[in-house]
Structures are given as C-alpha cells and as structure tokens.
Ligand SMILES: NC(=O)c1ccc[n+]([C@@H]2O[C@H](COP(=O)([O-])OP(=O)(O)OC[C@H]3O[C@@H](n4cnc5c(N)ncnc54)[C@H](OP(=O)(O)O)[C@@H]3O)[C@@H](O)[C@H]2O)c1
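Just one chain follows, in the form predicted alone, and it is written as structure tokens.
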C-alpha cells in the first residue's frame, strides 16, 4: 500500500519509537491516528507534528485508550473504524528485564497482556472493518527477542515470541483475503524504553543499538512493500535465522549474557557493607 493511501492506527504513538514512526508516516503522506494512554501527551504530540511537519489537520487525530481495558479496546476499535483506518500498527509495549526468579507476578501479567493479548484482541475487534477495505494491513512491531531467547528477557521475550507466532499464523489464515499481516523485528533501540540496568547489560555484552529513525524507516518500507517479515541489524538477522533452524547451536553464544545477568543479580542481592565505628566500610 502506498503511504498516501494509508490511514494508520498507531498504538504506542507517544513513546520514543512511536513519535518517530508517526512523523515518518506523516511525512510520507499517510494519515495517522495516534493512540496512547495519556490524553495530554497525545494532544501535545498531535499539535507539534501538525505544526512542525505542516500537516493538514484532517490527516492526524488521536485517541487516548487503555489497551488493558475491554471497554478501551472496544472504544478504540469503534473510533478507528469510524475514522476509516486501513492499517493497524501494534507498536505499544512495556519492558521487562531481569532473572525470572526475581520477576513480580503482576509485572509478568502486565507484560503479556500489553505486548501480546492486547494486539490480538484489538486485531480481532477490527477484523470485520478491515475485511471491508479494498486493502488493509496489520503490522506487529515485535523484537529480535521474539526470535532469540536471551538471558534476562524470559518474560519480555515470551511476549514477543507470542506476537511473532500470532502474526505468522494470522498471515497464513488471511492469505486469501485483502488483509495482509506483517511482523517487524527491531533489535535493541536507543530510547528511554531501556532501563539503566538494560543499558549496562547491553554495554557489558556488546549489544548494538539502532536509533528510532531506523525502525521508523523500516516500518514505512514494510507498509509500502507489504513484505511478510523483517528483522533489523546484523548479526541479529543471521542469529534469528540460525535460532529458527537449530536453536541449541546458539546456546553457548549467550554464556556471557548469562554471566553478566548472574553478576547483576548477585550484586543486587548483596547487602551493603556495615560501617565500622569510624564510619568506614568493614
């Protein structure tokens, strides 16, 4: 689909990658519905994009929605259908990093709900509308961690592995319809999505990072090419292929990642040294 013909519902629009995606799509001629939780941030972002990019007001709108709420998803699906969306970009997500043993059960549920269940339910709610379009696309923004299991990312990786499986299965399910389902797998990207702990982990393990513009450009290219799946970065793209064919071959390649994670956990669980009477550590 040409960008000029696209009316894009973009979740996670106020995030670090989402803001750049919105600008890239608008500059290419698409119309965009910005979706996020914070009404004030969406309003400010909409005004900024309209002014900075000189975009006509009828090409940009926004919808504040809680993707974890059934009512929120229903309301968003109705608003998107009324607006005439023909492209859905599932970009919203929440992070999770650390050993599974230390993970909060509430956090696990929130990550899986936001990153996997919400895109599935929103897609399901929008399918009747999308089937009425001459051409429609659903683009799931996942991660290379949805193809490569990495120590420290068992929860986040599970959500993205699930999202990739959802996109793949639905793509095949809808192959004889006008709805195209796609999956974009960025590698680590330099935004505030990454906590200081993740930044330290990436530095210690030599993990490369892309800028948000790289991901946004890839999204635009996928929109127009309608390609089924794309991973970003090298050697991540190669690792994803190898892991898909023979995952055990890569197990030892992540020994350093496991050691860094174990060291971070040990440090976090070690109580600080008790001071002596003179005030110096023992």
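Remember, predicted model here, so these are calculated numbers, not experimental data. Numbering follows the first chain given and starts at 1.
Not on display, but discussed next: the form predicted together with the ligand.
**Student:** Within 4.5 Å of the ligand in the model of the complex, heavy atoms considered, which of 200, 207, 74, 191?
**Tutor:** Result of the distance check: 191.
**Student:** Give me the residue from 242, 228, 68, 53 that has a heavy atom within 4.5 Å of the ligand in the model of the complex.
**Tutor:** By the 4.5 Å criterion, the partner-contacting residue is 68.
**Student:** Is there a non-hydrogen atom of residue 93 within 4.5 angstroms of a non-hydrogen atom of the ligand in the model of the complex?
**Tutor:** Yes - in the model of the complex, heavy atoms of residue 93 and the ligand come within 4.5 Å of each other.
**Student:** Is it the case that residue 114, even though its partner is missing from this view, gets within 4.5 Å of the ligand in the model of the complex, heavy atoms only?
**Tutor:** Yes, contact at 4.5 Å.
**Student:** Wondering, does residue 186 line up within 4.5 Å of the ligand in the model of the complex on heavy atoms?
**Tutor:** Yes, residue 186 is a contact residue.
**Student:** Using a 4.5 Å heavy atom cut-off, state whether residue 166 contacts the ligand in the model of the complex.
**Tutor:** Taking the distances in the model of the complex, the answer for residue 166 is no, it never comes within 4.5 Å of the ligand.
**Student:** Counting only non-hydrogen atoms and a 4.5 Å threshold, tell me whether 29, 138 and 180 all contact the ligand in the model of the complex.
**Tutor:** Not a single residue of the candidate spot has a heavy atom within 4.5 Å of the ligand in the model of the complex.
**Student:** With the ligand left out here, work out from 126-134, 139-147, 168-176, 80-88 which stretch has heavy atoms within 4.5 Å of it in the model of the complex.
**Tutor:** Looking at the partner contacts, the answer comes out as 139-147.
**Student:** Counting only heavy atoms, which residues in 205-231 are within 4.5 Å of the ligand in the model of the complex?
**Tutor:** Residues within 4.5 Å: none.
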